[in-house]
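The data below hold one chain only, encoded as structure tokens and taken in the form predicted on its own.
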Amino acid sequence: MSDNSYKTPQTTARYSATFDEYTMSEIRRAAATGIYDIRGGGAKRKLPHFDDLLFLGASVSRYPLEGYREKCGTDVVLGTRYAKKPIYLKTVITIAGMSFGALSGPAKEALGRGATAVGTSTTTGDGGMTPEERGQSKTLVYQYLPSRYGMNPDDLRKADAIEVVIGQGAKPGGGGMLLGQKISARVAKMRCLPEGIDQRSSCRHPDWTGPDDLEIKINEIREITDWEKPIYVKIGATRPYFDVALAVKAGADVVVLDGMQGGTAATQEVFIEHVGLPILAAIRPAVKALQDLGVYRNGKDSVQLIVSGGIRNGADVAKAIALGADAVAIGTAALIALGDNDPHLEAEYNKLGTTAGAYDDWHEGKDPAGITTQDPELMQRVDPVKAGHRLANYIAVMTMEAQVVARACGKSHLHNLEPEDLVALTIEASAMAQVPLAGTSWIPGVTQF
């Protein structure tokens, strides 16, 4: 036969877009075990995010600031509405709540050290206040959660602000989980739990059922703390306009809005990937609620907005501020800065069946970095001083990056950034952020094309 004779082509294997390799592996895992998957790390699916926005730097029609010779402020004051003692921070980047129990004692101490070094705040999380964290945190926000783990009035008074947690971005409407291997004797004592037994936090506060009860609770906390401390209300991004409006009417000084891309706490994967909103879609409705109630950047009566959920760098910070936030909070990024998921531990992550860049089984208490564990030997790997220094470096770099962007837009303070400084690269991001699609004046759902 000639070389040109007909040959049957080999069949090329092709995965379904619906039943891809990961989906099929999850079906097999569920069929074999009969349990759902639990993990941390926030949503891993591709979502509209700050990368879909670009800044319009100054040129002829706008005038930029000159290098470092012209000042660009980065500070923020939180809690001006009712608190006798609002808190002042040198940077708009704060540390989100992550509990002692989920994190090791040395990791919590490192967070306090790093935050203090750059003049910002850190937050306790579920499980109470540790002496290490309070001792190393110049400004500490105390979380008041549905579980009430570790809660006592004395610690409320020791805090610089109180954060009433209604929901979290990775699991709005759901409670947290802490497996028995992380319930050490110390954790059990702080939480009034049996040692070594799995626990699930409540998904809602046990003593109120709505915003009227929330107002009563906020007033109770104000009385306990002599009206000194700012009261935050933290909500997961789901119905941001209405939730923010109700938090403001209940008396919040600050609203914390958490999107689904972040999340250091463990919960069901189906929850992480399919419940909640990306933070890009939540900021503008939240700001609209503050504006409609007359408390948005309105002097002493203002309610400040902190946003979180996938903040990674100074550009993300600047974009969140431009869309209307007063400050941001970081969680996952802070753990990475401390040393979690570091490639130098790759061999140990491999032994756990994963890789450094994808390790999210923080709930299992086997973290080789010693950060998300209660194992005494692993915890010793964290040097709180060195880890705190790494975190401080990271926040300082993010702050400078945000300043660079603000100067390029001609702004003398980060809070002078505004939606007018932004355009979107996709129709979805344009509609969510309510800024024009790049090269046009069109905002889907707002203006005519």
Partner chain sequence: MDNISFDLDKKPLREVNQLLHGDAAGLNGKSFTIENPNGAHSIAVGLKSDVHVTIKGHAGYYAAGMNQIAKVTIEGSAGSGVAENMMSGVVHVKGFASNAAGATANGGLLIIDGDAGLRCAIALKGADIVVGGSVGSFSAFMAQAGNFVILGDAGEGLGDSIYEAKIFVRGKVKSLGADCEVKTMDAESKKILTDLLAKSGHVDVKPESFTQYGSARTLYHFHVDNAGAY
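Residue numbers count along the first chain shown, from 1. Owing to the predicted nature of the structure, the values given are computational and were not obtained by experimental measurement.
Omitted here: the form predicted together with the partner chain. The next part is about that form.
**Student:** When you measure heavy atoms, are Tyr82, Thr130 and Ile166 every one within 4.5 angstroms of the partner chain in the predicted complex?
**Tutor:** Answer is no for this spot.
**Student:** Name the single residue among Ile224, Val270, Leu352, Ala358 that comes within 4.5 Å of the partner chain in the predicted complex, judging by heavy atoms.
**Tutor:** Of Ile224, Val270, Leu352, Ala358, the residue with a heavy atom within 4.5 Å of the partner chain in the predicted complex is Ile224.
**Student:** Would you mind picking the one in Ser202, Thr238, Asn313, Gln291 that has a heavy atom within 4.5 Å of the partner chain in the predicted complex?
**Tutor:** Spelling it out, the residue with a heavy atom inside the cut-off is Ser202.
**Student:** Report whether the minimum heavy atom distance between Lys217 and the partner chain in the predicted complex is within 4.5 Å.
**Tutor:** Heavy-atom contact with the partner chain at 4.5 Å: present for Lys217.
**Student:** Does the partner chain come within 4.5 Å of any heavy atom of Gly34 in the predicted complex?
**Tutor:** Because a heavy atom of Gly34 falls inside 4.5 Å of the partner chain in the predicted complex, the answer is yes.
**Student:** Hey, in the predicted complex, does Glu377 get a heavy atom within 4.5 angstroms of the partner chain?
**Tutor:** No, Glu377 is distant from the partner.
**Student:** In the predicted complex, does Gly135 have a heavy atom within 4.5 Å of the partner chain?
**Tutor:** Answer no; every heavy atom of Gly135 is more than 4.5 Å from the partner chain in the predicted complex.
**Student:** With the partner removed from view, which of 204-212, 334-342, 250-258, 114-122 is the stretch that lies within 4.5 Å of the partner chain in the predicted complex, judged by heavy atom distances?
**Tutor:** Every other range fails; the passing one is 204-212.
**Student:** Using the arrangement in the predicted complex, list in sequence order the residues of 149-168 with any heavy atom within 4.5 angstroms of the partner chain.
**Tutor:** Going through 149-168 in order - heavy atoms within 4.5 Å of the partner chain in the predicted complex - the hits are Tyr149, Met151, Asn152, Pro153, Asp154, Leu156, Arg157.
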